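In structure tokens, one chain follows: the form predicted on its own.
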Amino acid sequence: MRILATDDDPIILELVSQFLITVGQHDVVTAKSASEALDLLSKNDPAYIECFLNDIQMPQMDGIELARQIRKLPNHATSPIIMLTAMSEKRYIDDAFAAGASDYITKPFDMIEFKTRISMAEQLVLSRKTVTAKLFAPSALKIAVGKDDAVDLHAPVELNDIDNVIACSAMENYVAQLSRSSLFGSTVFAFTLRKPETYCEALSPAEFKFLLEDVAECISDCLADHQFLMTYAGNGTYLCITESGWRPEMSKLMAAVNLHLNQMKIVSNTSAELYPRVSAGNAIRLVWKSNDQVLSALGKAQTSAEHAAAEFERLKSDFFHTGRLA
């Protein structure tokens, strides 16, 4: 894996380079500043670098802003970005993930932890190479230009250019780091798009993704006054994690999101107006939970939101059925 490591401390760069060679015989390129890293990217093949290691605290442009700039490059919209930091303040970590970071490693480095994080990034790079190879295979090209493109309703989808929305894999890394670093006090909850299968079947893949992005933008806008991260987990469900001890009133928050969706007036490519609405699950506090319990809480939040959406449709169906009998 070709890795670009950026840090203003030459000793750290040397240490990181040696670690990377030891843990996986990786090709390492180094930069002493964010501007040097961006300059290197502009002068080489866009696919030259496969993974990034950014120090957070650097003069002029810090590693968080560097991550944000990397994400603007078309070839690196999904490349792994691992932050290197001695900071334990949660605000910096949250800002890094919101800017596009995939994971982070704390200083001083633990060799086992360092190897684990790099291995996870390598697996991500390999999986995306496989997807790209399939996409550009002759058989795939025939499907791509036709009208039978399919979207896996149950799979996570990366939604871009929405404040504080991150990839599902990054969210998993984030909550795992929360547990390891004893950074508790967070709350997780979820929203589920009601009857997502009807939209998935009726809309083109591009339209369906646009719809998912519109819903994500509404949720993001309604959470804008709070510190949060969000990911789309598949099956019409958006997982959120908030900080600062805030625990939302889910019924009020759901009403705010649905009002916002109504005001957006979302339409399809045929100008038909869509009426997406969400249901909210339970808010679950993460105080003093172990790693397994944190991951379990994410699953419970997702399940409760999906159950709430299904229950809403069931009750609506029962109401109309009862009305017809009357």
Partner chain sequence: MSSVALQIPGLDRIRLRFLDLLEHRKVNIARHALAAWDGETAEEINANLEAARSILHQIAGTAGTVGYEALGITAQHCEAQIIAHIEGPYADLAVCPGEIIWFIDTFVEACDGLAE
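C-alpha atoms forming the largest set that superposes within 1.5 Å between two forms make up the rigid core. Residue numbers count along the first chain shown, from 1. In this text the structure is predicted, and so the values were computed from the model without any measurement.
Another form exists, predicted together with its partner chain; not displayed. Remarks below refer to it.
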Glu201, Asn269 and Glu273 each touching its partner chain in the predicted bound form (heavy atom, 4.5 Å): no
Proximity to its partner chain in the predicted bound form, single hit among Asn44, Gln57, Ser35, Gln293 (heavy atom within 4.5 Å): Gln57
Partner-contacting position among Lys252, Lys195, Arg91, His154 - heavy atom within 4.5 Å of its partner chain in the predicted bound form: Arg91
4.5 Å heavy atom contact, Ala86 and its partner chain in the predicted bound form: yes
Contact of Met111 with its partner chain in the predicted bound form (heavy atom, 4.5 Å): yes
Contact label in the predicted bound form: His226 to its partner chain, heavy atom within 4.5 Å: no
Ile12: touches its partner chain in the predicted bound form, heavy atom cutoff 4.5 angstroms: yes
Segment assignment from 217-225, 168-176, 100-108, 67-75: heavy atom within 4.5 Å of its partner chain in the predicted bound form: 100-108
Residues of stretch 153-167 in contact with its partner chain in the predicted bound form (4.5 Å, non-hydrogen atom): none
C-alpha of Ala310 off by 2 Å or more between the shown form and the other one on rigid core: no
